[in-house]
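A lone chain, given as structure tokens: the form predicted alone.
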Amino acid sequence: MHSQAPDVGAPSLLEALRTGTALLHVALEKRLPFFSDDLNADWYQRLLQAYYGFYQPMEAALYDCDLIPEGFDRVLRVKTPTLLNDLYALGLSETTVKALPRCTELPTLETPAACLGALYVLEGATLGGQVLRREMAQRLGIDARNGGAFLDIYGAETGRRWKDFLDYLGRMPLDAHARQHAVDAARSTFSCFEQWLDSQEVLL
């Protein structure tokens, strides 16, 4: 990993990630159907299947590459098992889940910095979970027991875990080149995710 002293006056890794992904984040949020009047149980299930089709190969790529800098707790933060349990709770069989399409157009994760950028997107996606959980419970009767655990995956720990992740990012001694790698990977993660959801016809 690039470990030079941070450039004087340069934005922090977090600032660079926030600025670099802000527009992509807003654009994707506008297309997610969670608050659409037309969202029904079938659409919700297809949406969750599409999420699984991205998160499963994405997390496998991240955790198999052995490039994530030390200090990230994979066991605590892995999302795929919760998505899998939600799909089973919605009535899908193991055979059906295994046959679900998987995203093959994933961001390139060739450096520790790129992994940090991708993780920033996945961890940031946990924010706002309580709002989604309440909305789905009210409108579709879906909660953590019957297919909605992923929506609020960290529950009451969401705020603390996000802060812990930001502290982790803040300890990474990345130079300007590495920070740009992280931003590029974060932007690519957003883009790949949106393109995948679009291909699965689950977005607005």
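Note that residue numbering begins at 1 and tracks the sequence as displayed. Predicted model only: the values in this text are computed from it and were never measured.
Just so you know, the form predicted together with a small molecule exists too; it's not on screen, but the next bit is about it.
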item	value
Contact stretch among 83-91, 129-137, 99-107, 69-77 - heavy atom within 4.5 Å of the small molecule in the predicted bound form	129-137
Interface residue in the predicted bound form among 32, 176, 144, 61, criterion: non-hydrogen atom within 4.5 angstroms of the small molecule	32
Partner proximity in the predicted bound form: residue 51 to the small molecule, non-hydrogen atom cutoff 4.5 Å	yes
Contact label in the predicted bound form: residue 39 to the small molecule, heavy atom within 4.5 Å	no
Contact of residue 121 with the small molecule in the predicted bound form (heavy atom, 4.5 Å)	yes
In the predicted bound form, residue 196 touching the small molecule (heavy atom, 4.5 Å)	no
